[in-house]
Every structure is written in structure tokens, then in C-alpha cells.
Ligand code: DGJ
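Next comes just one chain, in C-alpha cells: the form predicted on its own.
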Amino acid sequence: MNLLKRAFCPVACLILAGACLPVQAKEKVKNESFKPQQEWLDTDGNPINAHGGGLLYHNGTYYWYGEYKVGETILPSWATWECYRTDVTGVGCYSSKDLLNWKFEGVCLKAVKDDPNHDLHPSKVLERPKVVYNKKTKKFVMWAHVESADYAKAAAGVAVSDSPTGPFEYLGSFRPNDAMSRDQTVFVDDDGKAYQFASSEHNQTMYINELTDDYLKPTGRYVRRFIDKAREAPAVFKHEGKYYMLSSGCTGWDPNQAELAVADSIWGEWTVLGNPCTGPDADKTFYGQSTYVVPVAGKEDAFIACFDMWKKKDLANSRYIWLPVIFGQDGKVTIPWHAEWNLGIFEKK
């Protein structure tokens, strides 16, 4: 017995000593460059989780909102197409001063787990959240694509917050101007007017819906553009008085060729310019799909095209492809591939 005690005591002491050692804090991450398709970590060293997202620049800080995807990717047993999904968790929010290093601010719009009929129930679909700031109401307004589990709802959901980091209050959903609303974005023009671009009519036509002054619903004024062109994933930006829309074709989770269009008015007519991507795999948008184009604050003619690199069977592990938008002296707009780059690229033009 004494021998057992002698043998046990050193081992026990080592175990207890180990238990008393301080837990080493996770090392903070500092990103120095954009590395498209590579894993992108937030400042705490965790993969950024903001898919199908949009960006907002407010009071010197960028905010990145996106689908917060966790858990297993499933394909419903009834599915006749590749409608892979994860349970709805909510919308994640990140903040940054430099577009490279992102602090996780939390899930700013959370799933509603106790009501199976709610748009935000885990069994439903929540995609492509975009947040804009309303200077008149001082509210942050989120629009998103919300769906029933079988993708029959095809509606827009709206939420509001007093803070860019939330929490957002969900106001409900509807079909803008009684039309389907799937892949969507929101654009605020220089005069403060806001517009929702939405893939509609079973993804065959793009609707441009003018929003009310509070950005919470459509005014009733709209146009149908890109009729029978099957465009989705719209990303809208403005440069030197012209409006641009970057979009993708409709091939589910699989990549296809991007397309850029331009107009002198938000309403169109829109002229298709073709594929702006250049470099390896440009015909597949570098294996990405458009989600947003963000102007770089304080830099002239500086825009970043943001794409999702979907992993359809492991959606939580999907990556991001951010690349510079280059405006040539000949007026041509390109999005060239760079395996690694930083904002200094805009100084070299």
C-alpha cells in the first residue's frame, strides 16, 4: 500500500501541477495581404464566417455581414436539385479599419429556434444579407433573401438596428412589388435613395426596386431588366457617374462566368460589357461567385470585388475571393487574378 502511495504521489503531483498551469491565450492574427481562396482568419485566429455577405463603411470603420454557417451541410432527401444547406444560425458581423483584419462582433441577427413557422427558424433558408445606413432615421437596415425549406417562399426579409453591430430586430418578410426575390443586394445612391436588386421570376429576370425613404419597403416603382438572361448574385457599385452591376449565371453552387453591365441611370437601360475577370480560371470567376463590390475609403478609383468560393458539400468551410477592380485608361474594367495582393496596388495605376 505504501508502495502504491509512493508511486501515485509523483504522478498526481504532476497532473495537479499541469492543471494549475495558466492557459495560454490564443495568439492574435495580423493579416498583411489578401490571399484569395485561402483560409482567412479573424483577429482571434478563427476562420471568418460571413458568407454571401455585404459591407458597410460607417464612421471610419468597415462592417462585414454574412451568413453565419456552422454545423453539417445537408442535402434534403426530397431535393431534386443540389440545394445543399446548413441550419440557419443567423447573420455574423465583423469590423475592420483596414479591410484585412476583422474582429468578430458576434451574430447580429440570430436564428429563432422555438418557432418552426418563423423565417429565421433553423429549418428555413437565410441568404445574402446586406446592411445600409439610413441618415434620416439613424437606423441600420438589413435586407436578406429568406426562404421556406422548399425554396417556394422567394421573399425579402428586413431587420433594423440602432447599432451597426446589432442586435437587429427582424420586422418580417414580403415579396417586393409582389415579385419573387431571391439573390439580392441593396444599393444607396449619392442622393440617399436606396434600391434593391433581386433575381426574380424563377431567377430569369432582375428586378430593380426603389425603396421608401426609411429603406424598409418598396415604393412601388420598379423595372424589370436582364429579362430571360438568368442572372443572380448581383453586386452594384457606382464609378464616375456610371452604375455597374456584377453578377453570375445560374448554375447552383457551381462556378460560372461572371458578367459586368453598365448604365447611365440606375433604371437602365443596362449594357452588358462581358466577363471582367482576367487570368487563370477567369471563365469560372476563379471558382467564385459575386456577392459585393466595396469602395475603398480615401482612395480614388479603388474598389474591391468580393466573391464567395462555395464548398457545396461543406458550406461552413467555404472561402472568400477578394480582388481589385481596375479601371483602364481605355475605359475597360477588369478584375485580374492575384494570388496575393494588398491595397498598395491602387497606388501603382
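Residue numbers here begin at 1 and follow the sequence given. These numbers were taken from a predicted model, which means no experiment stands behind them.
One more form of this protein should be noted, the form predicted together with the ligand, which is absent from this view; the next part is about it.
- Stretch 127-135 is the answer when you ask which of 157-165, 127-135, 72-80, 259-267 has residues with heavy atoms within 4.5 Å of the ligand in the predicted complex.
- Looking at Gln289, you'd find a heavy atom of it within 4.5 angstroms of the ligand in the predicted complex.
- At a distance threshold of 4.5 angstroms between non-hydrogen atoms, Trp253 is in contact with the ligand in the predicted complex.
- Interface membership of Tyr151, defined by any non-hydrogen atom within 4.5 Å of the ligand in the predicted complex, is confirmed.
- Taking the partner from the other structure, the ligand in the predicted complex has no heavy atom within 4.5 Å of any heavy atom of Asp119.
- For the stretch 170-191, the set of residues having any non-hydrogen atom within 4.5 angstroms of the ligand in the predicted complex comprises only Asp183.
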